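Just one chain follows, in the form predicted alone, and it is written as structure tokens.
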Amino acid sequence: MNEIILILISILIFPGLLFLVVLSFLTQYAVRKLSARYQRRMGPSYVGPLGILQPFYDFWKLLRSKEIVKNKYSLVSAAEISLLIGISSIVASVVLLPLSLYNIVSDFDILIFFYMASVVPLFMMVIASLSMPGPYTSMGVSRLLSLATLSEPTYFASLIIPVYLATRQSGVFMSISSAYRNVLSIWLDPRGAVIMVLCLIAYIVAVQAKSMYQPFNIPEAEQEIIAGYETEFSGPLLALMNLFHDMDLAVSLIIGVYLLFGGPLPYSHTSPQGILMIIIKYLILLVVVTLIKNIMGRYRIEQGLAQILKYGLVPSIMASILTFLF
């Protein structure tokens, strides 16, 4: 009974649904506030202290006050179910993370995490978009899938290489919880540091593309295809899509904190210093992603694919080759 309660708390409260919703809104707030400072604007300022409750208010307004605009070809229920499945998959993936109260640890659990936190959400986003059809939606989905053919393998390689290095002599092979404890030792080795730097570069490029932030905001280029894959979303559907997007970014940053920076290390999870280290590392990654978002213009689709290949996939391939020589 205690185990069941612990599982429910982990999935529904921390680090599950409630925690991820709050973290997603706070991440959105930080991105909007930092972007405003880069552009010499105020950003969110009115709802809550320093505007920190603005993302919560925007979500609630779309959810309760705005209607869904649809045409005769729209499949609203299919879109809602797809988005909820995508969100549920992301929420369920966090039980594989070391910060989970009920932490599932097994050989190759990184593969399960990648499937639940990256593969399933991508397909659910595509299905949801195609359920609300339109000319711009179809174009946005085609661009999204084009980016995913390179960004997803890059994201996968940038994470699995550190896991392999950190667990190849461990009792639990290719496990997230086993890997993060040895990440700092890899950084301290000169040869390992080179591999980790290459993985970090590939990871940043992949997260930028997965999040569809500049310069990879091709699937939602407002000046070209209105809003691309989410053109036909409105009201509660748009609220769910925004939450879906922010939750995907938040989990992508959390896994980067653990597998590229060692999570709370050199402290433990239960110590105040360890919690502070996780927050600092998370914010560092978030600031880097937001900075790139604001200093870069948008690429064309062929330019975006070329840049992911050049600065994402090639470094991850180089890291893979060096790993076998390490």
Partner chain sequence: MRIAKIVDPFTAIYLITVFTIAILAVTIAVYYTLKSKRVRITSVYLGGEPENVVSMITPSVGALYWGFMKRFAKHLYEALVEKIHTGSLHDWQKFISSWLAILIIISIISFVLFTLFAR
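Numbering follows the first chain given and starts at 1. On a predicted model such as this, the values are computed, not experimentally measured, just so you know.
The protein also exists as the form predicted together with its partner chain; that form is not presented, and the subsequent description refers to it.
- Checking 82 to 90, 205 to 213, 182 to 190, 152 to 160 against its partner chain in the predicted bound form, the stretch whose residues place heavy atoms within 4.5 Å of it is 82 to 90.
- Of the listed positions (52, 301, 283, 275), a single one reaches within 4.5 angstroms of its partner chain by any non-hydrogen atom in the predicted bound form, namely 301.
- Residue-level contacts in the predicted bound form: of 226, 126, 119, 75, one residue has a heavy atom within 4.5 Å of its partner chain, and it is 226.
- Although the partner is absent here, residue 66 is a contact residue: one of its heavy atoms lies within 4.5 angstroms of its partner chain in the predicted bound form.
- With a 4.5 Å cutoff on heavy atoms, residue 230 does not count as touching its partner chain in the predicted bound form; it lies far away.
- Using a 4.5 angstroms limit between non-hydrogen atoms, residue 250 is distant from its partner chain in the predicted bound form.
- In the predicted bound form, its partner chain lies farther than 4.5 Å from every heavy atom of residue 110.
- Taking its partner chain as it sits in the predicted bound form, the stretch 100 to 118 comes within 4.5 angstroms of it through a non-hydrogen atom at 100, 101, 102, 103, 104, 105, 106, 107, 112, 116.
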